[in-house]
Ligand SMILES: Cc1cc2nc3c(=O)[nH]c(=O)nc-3n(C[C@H](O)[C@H](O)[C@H](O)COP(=O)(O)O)c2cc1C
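A single chain comes next, written as structure tokens; it is the form predicted on its own.
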């Protein structure tokens, strides 16, 4: 069963030895980030800083910074969750027949049970503060050349003016002063697309920002969902329990009832301000640029809130484990589009969008290239700078094996695909922002029809009989 809120998750982490309380006085300017950075690199625990210099609110970092805590947040391993999603997705595309309709009913009912539920009140509104200052929050500065302090784990709620659909995204917020922040949404993000529709109308857009929901809802805000799909429905499915929402006090939006802190306000079309630089998840500073301004008009909170934060930087950091959830949970969706795909891995060093290793069950010539181009046309996979396609028997999570297979099976003259397309806004190697080269590597065994008439060599393996006999003797050899 999923945790209802961050406090419940903290209790579970502490009982499991996965949370460390830090009573030593620490500064939110660089010190907390440096401590968190060292701990996440060691695979250490979540950290609760209870004595933040100049602030009465504790700071929580690194809540999903290892696989065990990811599994605790989901209530199961990502593979189990992916299996549940795959089962749910076995709905007929258009249940025309009576038998299909009957078979679909239980799964449709299950899905409906995960829709978010609005309740009358929640802990996030125990204190309603019209007289407040953002500078009273222990917002972190993470790296020396950051432009200031950034809210790094916000759930940003907006509503599409055309459809009324809710969107939840995670866009960092640079705190400018007591009532305003930057709103760092890239042009490819749903938040930016929704804002563009308000801008066309010259209409103010209402925004709410929740800090500190339950960990699954925090993850869902980062998930690369198709436009129009509710992130809170995904959260409900992953939690196996709907997310409870309350209506905001001053804007027409709902937010998680069990959040720690909620900022309500608006973004005005035509108003921009310089935002950044910021030490980003690529391991480099993202440059300063012009972004919309978020005006905070109301703050609500728990009586004794915890301020949640994440620290990004040179991988692997905590966000690598968020990426691992995405890799596993969304694999069934990719397999629905591309049935030949067996497995996929997005290595942490590739920071989500620089490298994808894809194993396929190959049955015809050119299939690896077909998969590359299909993936580049699939949602946020369009940002993937390098796609390496290997055969089904390759363990894509074993990077040593992947390197061996790619280097052994790839002919640079024949097996590289170089093309161009959209790139992530944080991609710094391309000549122009947001557009540049993509590389596909076909490291599958080549067929004669693919211009490889020579026989493919047989891989070296030991005979099954010798393997069995040595296994029987192994404990007596004294080699353990």
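Positions refer to the first chain, counted from 1. Note that this is a predicted model, so its numbers are computed, not measured.
One more form of this protein exists, namely the form predicted together with the named molecule; it is left out here, but the text below deals with it.
Just one listed stretch, out of 185-193, 132-140, 256-264, 341-349, contacts the named molecule in the predicted complex at the 4.5 Å heavy atom level, and that stretch is 185-193. Taking non-hydrogen atoms only, residue 174 never approaches the named molecule to within 4.5 angstroms in the predicted complex. Contact between residue 277 and the named molecule in the predicted complex is not found at the 4.5 Å heavy atom cutoff. Interface residue remark: residue 379 is not counted as part of the site for the named molecule in the predicted complex, having no heavy atom within 4.5 Å. Within 4.5 Å of some heavy atom of the named molecule in the predicted complex lies at least one heavy atom of residue 231. This chain is displayed alone, yet in the predicted complex one of 248, 245, 216, 170 has a heavy atom within 4.5 Å of the named molecule; that residue is 170. Only one of 366, 83, 224, 144 comes within 4.5 Å of the named molecule in the predicted complex through a heavy atom, and that residue is 224.
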